[in-house]
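Taken one at a time, structure 1 and structure 2 that follow are two forms of one protein chain, written as structure tokens.
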Structure 1
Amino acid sequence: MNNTVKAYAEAAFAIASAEGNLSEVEDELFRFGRILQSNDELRETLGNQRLPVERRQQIVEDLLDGKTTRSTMAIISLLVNVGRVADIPKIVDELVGRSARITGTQVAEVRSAVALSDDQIAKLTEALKARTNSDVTVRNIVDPKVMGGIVTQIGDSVLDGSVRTRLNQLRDAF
């Protein structure tokens, strides 16, 4: 990971920490980063240098207004303004990793076909804490490719309980 990505991650961490909503900002940035990774059109539009930066920032505001904290919107606007849209997922990963190291927690990336409820996230967090004997922060990503069930990645471990994987295993068995 290059120094520029680390520098922007440190800046985002500092802003969120100063605002006192690190966890919330982290979660919002994480979701935005995953959306950006899966949506080519959005990524290309926000990264298009031929579009005026004001226009690209306006798109960000239209997308996130009322759905994220002001800190999250400010960080994303900053990255769009300096032409670092393509690096946002890496910056977010670095930010999440840094936060996890400081707080002594692990980040569990949880993919599901539908969004998990708060109750389900809490239960899963507890289950993963017990399993890893460490604090765990769950980041839920809605991914239709999963079809059903959940795929959790925590560190190098993957706990795959998705319908997609079961179908694939069944197909491979033939």
Structure 2
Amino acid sequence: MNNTVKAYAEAAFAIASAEGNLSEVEDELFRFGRILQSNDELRETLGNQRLPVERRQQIVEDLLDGKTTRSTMAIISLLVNVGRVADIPKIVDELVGRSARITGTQVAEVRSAVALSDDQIAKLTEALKARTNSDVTVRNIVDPKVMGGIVTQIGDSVLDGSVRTRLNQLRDAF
């Protein structure tokens, strides 16, 4: 892992911890990182060094205003300001991993066609906790490629309960 990525992740961790909202900031940064990964136009615009940094930061503010904590907005603005937009997903992954190691939890990335409700996330968290015998934090990623159901990744393990996979299994069975 790049030392610069680790340093930014540690700084983000320290900021969120000091503000007392680590879990919330971690979740917001995780979501922003995944959106950035899947949106070429946003990634290119925020990373475009020919655009004035003030303009790029205004885009961040317009996108996130009222939707994230001030800590999250400040961290993302800082990363845009110092030209680290391409590293945001790696920084977020390092931050999430650092937090998980400290708290002794595992992070489950759950992809679904629509956002899961709080109740669904709570039930899924309990089921994954029982399956893995450890505390689990669920990070829901809305992914239109998932036609229905969910795809869950915990570390190297993938649990694919998507409709597409089930249809393929049925097709292969006949």
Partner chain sequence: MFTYLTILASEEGNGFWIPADIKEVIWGTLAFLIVVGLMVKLTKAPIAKYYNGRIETITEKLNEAEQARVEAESERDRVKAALADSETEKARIISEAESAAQVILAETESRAAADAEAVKQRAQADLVAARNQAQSDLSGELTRLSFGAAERVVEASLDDAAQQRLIDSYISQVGSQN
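FYI, numbering is relative to structure 1, first residue = 1. Owing to the predicted nature of the structure, the values given are computational and were not obtained by experimental measurement. Rigid core here is just the name for the largest C-alpha set that superposes within 1.5 Å across the two forms.
Participant: Structure 1 or 2: which one is the form predicted together with the partner chain?
Facilitator: It is structure 1; that copy is the form predicted together with the partner chain.
Participant: Comparing between structure 1 and structure 2 on the rigid core: C-alpha of Ala7 shifted by 2 Å or more?
Facilitator: No; that C-alpha moves by less than 2 Å between structure 1 and structure 2.
Participant: Once both forms share the same rigid core frame, by what distance in Å has the CA of Leu167 shifted between structure 1 and structure 2?
Facilitator: Looking at the C-alpha of Leu167 between structure 1 and structure 2, the offset is 3.7 Å.
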